[in-house]
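Shown here is one chain on its own, the form predicted on its own, set out as structure tokens.
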């Protein structure tokens, strides 16, 4: 399955520093978005370390099939999904050790949302409130659930989605990579097909842009980069309260751009 992607990261309108980082490597089928936590405590260092460690670990596993796993192996998931979890566990160790060794970095951490695509299977792993959405046949589905105080309250039906959006605790996370010596990584596997789109994003997007608005952006644009650019612009138009990072992945034997180019060529031939 061919993969095409577009990505954009923007500081937003209210922040002076971008603490988001991302990785997009279609050769590996690996896509990662991290949102640094800790503000003055070097959240950008944590997100940068996470992206670097995850990417390197997955690449090393491809080159060395006997590379040891980090953390406990979950037999309910494939080796591919466990490898993604291993990469995040290793990132947690590296960030936590850095925070202990460098007083200026104490308390730093990061969210992680990651996707690893091999054939018709999407492996996903995440910690925190950065999200992954699947768009298929005009429908959008969240593949992750926020690890946050209000996210838990919504799941327990103590808050509605609308109340959660207004809550002063909506940015309080219950998990973060590097915050503690260990971290619980949530895993998933989803079958994918030609024509699917994936959207990985930091919460700078979801603060002001709802899933229905994301669908509108997909309908208005025709390639992954244009979609990513449009989504970031929409986040800033909604107030730009935070850094916004978006990675859009198009799955299929032929990219959406290729489809539209083929249609346009047919129109020209008919003239």
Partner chain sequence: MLEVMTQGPKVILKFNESILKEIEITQPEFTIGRRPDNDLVIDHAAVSGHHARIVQVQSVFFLEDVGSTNGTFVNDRRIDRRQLQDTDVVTIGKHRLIFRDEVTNGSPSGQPKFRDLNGTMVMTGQKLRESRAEQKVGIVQIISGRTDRKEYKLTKRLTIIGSQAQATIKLTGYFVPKIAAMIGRRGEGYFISTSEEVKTIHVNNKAVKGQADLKDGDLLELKGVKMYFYLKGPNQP
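Quick caveat: nothing in here was measured; it's all calculated off a predicted structure. Positions refer to the first chain, counted from 1.
One more form of this protein, predicted in complex with its partner chain, exists but is not displayed; see below.
K.L.:
With a cut-off of 4.5 Å between heavy atoms, is residue 138 one of the residues that contacts its partner chain in the predicted bound form?
P.N.:
Residue 138 lies outside the contact set for its partner chain.
K.L.:
Is there a heavy atom of residue 179 lying 4.5 Å or less from a heavy atom of its partner chain in the predicted bound form?
P.N.:
Close contact exists here: in the predicted bound form, residue 179 approaches its partner chain to within 4.5 Å, heavy atoms only.
K.L.:
Contact with its partner chain in the predicted bound form for residue 224, defined as at least one heavy atom pair within 4.5 Å: yes or no?
P.N.:
Residue 224 lies outside the contact set for its partner chain.
K.L.:
For residue 133, is any heavy atom within 4.5 Å of its partner chain in the predicted bound form, or not?
P.N.:
Contact with its partner chain, no.
K.L.:
Just give me the single entry in 94, 187, 197, 159 that has a non-hydrogen atom within 4.5 angstroms of its partner chain in the predicted bound form.
P.N.:
Here the answer is residue option 187.
K.L.:
Has each of 104, 152 and 193 got a heavy atom lying within 4.5 angstroms of its partner chain in the predicted bound form?
P.N.:
All three within 4.5 Å in the predicted bound form.
K.L.:
Relative to its partner chain in the predicted bound form, which residues of 61 to 76 have a heavy atom no more than 4.5 Å away?
P.N.:
Contacting residues: 75, 76.
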